[in-house]
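Take a look at this single chain in structure tokens; it is the form predicted alone.
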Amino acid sequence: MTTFAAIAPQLAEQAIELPSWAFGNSGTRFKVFGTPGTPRTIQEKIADAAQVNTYTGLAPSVALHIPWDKVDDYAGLRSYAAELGVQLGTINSNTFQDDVYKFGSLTHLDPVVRQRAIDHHVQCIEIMDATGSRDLKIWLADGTNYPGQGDIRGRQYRLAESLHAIYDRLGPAQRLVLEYKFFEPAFYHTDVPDWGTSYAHVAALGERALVCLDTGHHAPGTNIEFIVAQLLRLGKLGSFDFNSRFYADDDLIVGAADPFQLFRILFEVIRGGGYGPDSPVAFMLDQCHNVEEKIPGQIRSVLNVQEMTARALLVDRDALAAAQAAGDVLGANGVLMDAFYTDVRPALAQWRASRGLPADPMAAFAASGYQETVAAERVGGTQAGWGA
């Protein structure tokens, strides 16, 4: 089996982008819970995100959501983040909360509404110019709730036209990543419900348009690692939104529901050339912390990705290929299971310490007093939350 020492240089290359919204209050459609010390501004969100990077060395960038994270001076925000040791990353658009988008945004029948949605994405690209961000991520709530409510084919044509208008405004070093989700909030049909629909649209746009795969956005039983392998084969996997779900799009800590699935996904990422400094694939989190503390929740999340990446790197690929070639079903499965069951936590703790990081990031953050400090200081104002 491959040794931990052999994979350590590859682990040093890992970077996982954090979502700004993970540090705000969140909940369900029934209740959003407030907590002491919750950020009130995007600057405070970035400060909290920087804590995750301080204790793990894994999270050097923070994704923004517009207009939730809108400011007057994005160049200044970029400088502020740099002072805290992080960068501003993916810009996420939002065309799902304004009343005008009730019946769609980029797919809407009314050209005035469609243009408003396109203009919002152009504004996001202008923000990318100021922040130095590479990726514009688009997730659409567009769809219908009842058969006959809308023209399914017509909506696809309008979507393609709208996406072309946005793509044409990208700079030469910028990318568009199109996310998909099989249901919710549209319950009869969603305009971008699966990887095939996303792929069809980005393939028509050009080489700088790719698919964003959210690990929680699939029907139960979906073989997500197969989708990963296929998109990598096609050169169209642009980014991940890592999270976990038990029933629907639960946005829970990645690896919480099915750590073996996360291992299998990461193995296919590595095998398909999607991991490393030359990879076009961006690792990101898309999570909400409804009942757990937010900064520890993000620390736990990036550590889960790191641990499963280490296990996936430990797979003896030569032995696996030999077993597959020999038709040794159980032997091939055993190679994967040996790596998955390897407890990499002690080796990772020693490796972190050797790099000047806390051996136990969770304990080190808890002992830092940061959470107690911000809880005492962040009094007054309006706490950030989902949709703000």
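Model, not experiment: these values are computed from the prediction. In this text, residue numbers run from 1 along the sequence as written.
Note that the form predicted in complex with ligand PSV isn't included here; everything after this is about it.
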Select from the listed residues 139, 195, 275, 74 the one whose heavy atoms reach within 4.5 Å of ligand PSV in the model of the complex. 139
Using heavy atoms only and a 4.5 Å cut-off, determine which of 260, 96, 80, 188 is in contact with ligand PSV in the model of the complex. 96
In contact with ligand PSV in the model of the complex (heavy atoms, 4.5 Å), from 109 to 117, 247 to 255, 202 to 210, 220 to 228, is stretch 247 to 255
Against ligand PSV in the model of the complex, would residue 365 count as a contact residue? Criterion: heavy atoms within 4.5 Å. no
Please tell me whether any heavy atom belonging to residue 181 falls inside 4.5 Å of a heavy atom of ligand PSV, as the geometry stands in the model of the complex. yes
Contact of residue 65 with ligand PSV in the model of the complex (heavy atom, 4.5 Å): yes
May I ask you to check whether residue 214 falls inside a 4.5 Å heavy atom distance of ligand PSV in the model of the complex? yes
Near ligand PSV in the model of the complex, with a heavy atom at 4.5 Å or closer, the residues from 260 to 291 are 286
